[in-house]
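The data below hold one chain only, encoded as structure tokens and taken in the form predicted alone.
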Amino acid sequence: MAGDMTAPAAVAPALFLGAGPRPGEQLRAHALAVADAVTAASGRGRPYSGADPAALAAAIAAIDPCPEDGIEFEDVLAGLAGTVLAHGVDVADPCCAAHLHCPTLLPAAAAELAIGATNQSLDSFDQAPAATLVEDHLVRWLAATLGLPDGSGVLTSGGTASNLLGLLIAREQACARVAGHGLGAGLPARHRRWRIVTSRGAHDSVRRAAAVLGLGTDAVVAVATDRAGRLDVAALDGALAALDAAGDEPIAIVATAGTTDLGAIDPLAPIAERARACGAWLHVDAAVGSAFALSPRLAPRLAGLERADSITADLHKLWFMPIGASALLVRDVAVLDAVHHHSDYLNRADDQADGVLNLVGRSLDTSRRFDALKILVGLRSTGRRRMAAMVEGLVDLTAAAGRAVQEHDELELLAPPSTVTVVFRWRPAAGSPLPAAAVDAVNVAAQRALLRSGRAIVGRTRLDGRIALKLTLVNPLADEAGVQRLLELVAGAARDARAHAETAR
């Protein structure tokens, strides 16, 4: 029977780092080729190619993911460069301003090569000895930087994962207060009265976490916000009083330091007081605003963050790291026992007795990338002062963009900028009014036309039921002149969309 079996293809030494007499040469050649391809795909003068979605889908569908025989790397890369890289979004283009999607620090991006090539897995010490200690050291520094001097944490793939983990801890803390419902015992009947209180501007991941944690999205109580999008403390007091009267228990209050739409920072200190008074876990989603802690000028905006029980910090936002790089930081690392499960092959009892750290006991994941390396490389290469200056520059640029919108005859500022987001809409110039629905339609058409042409990528959302456009300014290469050009692109596209609609009538 053995003679009937197809012999496996020989393993080419160039496929693996440890094979062959000069293993680094092929890796270096591949890295240089990738760098050239990425560079060629960027700097095209617009943030997107404007490729027709159907044509792009057809071109990608024609790619054979795994041909019978391998293709030379250079040929693979050349084919993907024209089909994939050429039609990606150029996050370094100043007209790419829709989302919290930043250009990355090149030292951090280069460190991705080491992460992939060495393939450390951050679940057990014997898979990643130095990497384990690096992540532990990094999250302790992050926690201290954000006001938790004795804190720690764990890196996650993104803010959604960090928020889920923070709220899982809150749920387990509530379980522990119910007799017979320690870790692993499941949810008590009382959980039907548990509530998570947050603002209307909070990230949708709070509702998703409530669903995943078995509480249901209806367990999330959304509190009114002020004009800037900050949680209204008086409304919070009213919501907590209503929960108490109904016999419901707020097990967590989620404050936000940098909301997705308006960039608002909730009043953290008063919220912390309310959380302590009612015995609720205080989680602060600082995915956006955490980088303010680097700046002596901006850090006071985070006053009260130091009173949080857990904090989400996304380093792939205003810390300029490659995706994914988020952290869930906690005041007391012991609370991460909420996700600790014993596995004989990963976190043995004798390891703990010997002081060996297995990070699987802190994470919802098992296999996990050594993302701490790119963060460490990026931070050390850039330095705190330069990082702070870039964040300060973007906040100042956003304020200037808000003023430019206010001064524009055809644009309307919908909320005062708080961090790095400007929310506005096109409106007709004085003397040529349009119904609200028609204004909304023009704004939608303008945003879509800019994307289809590849000239600009502008965000779109809803505010008080109306269509709103959004600039998210997370590119340190952007300047006021570029923002002015971007606003003129929006106004021009809106005028064209209005003219087209009137012609079509």
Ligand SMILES: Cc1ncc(COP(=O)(O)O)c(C=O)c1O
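One rule holds for the numbers: they count along the sequence shown, beginning at 1. Since this is a predicted model, take the numbers as computed values, not measurements.
The same protein also has a form predicted in complex with the ligand, omitted here; what follows describes it.
Remark: residue 203 counts among the residues lining the ligand in the predicted bound form, judged by a heavy atom distance of 4.5 Å or less. Shown alone here, residue 374 lies farther than 4.5 Å from the ligand in the predicted bound form, counting heavy atoms only. At a distance threshold of 4.5 angstroms between non-hydrogen atoms, residue 229 is out of contact with the ligand in the predicted bound form. Interface membership of residue 316, defined by any non-hydrogen atom within 4.5 Å of the ligand in the predicted bound form, is confirmed. This chain is displayed alone, yet in the predicted bound form one of 199, 419, 290, 163 has a heavy atom within 4.5 Å of the ligand; that residue is 163. Note on the partner interface in the predicted bound form: the residue among 153, 159, 378, 250 having a heavy atom within 4.5 angstroms of the ligand is 159. The stretch that touches the ligand in the predicted bound form, counting heavy atoms within 4.5 Å, is 255 to 263, out of 191 to 199, 255 to 263, 127 to 135, 72 to 80. Contacts of stretch 87 to 108 with the ligand in the predicted bound form, defined by any heavy atom lying within 4.5 Å, are made by 100 alone.
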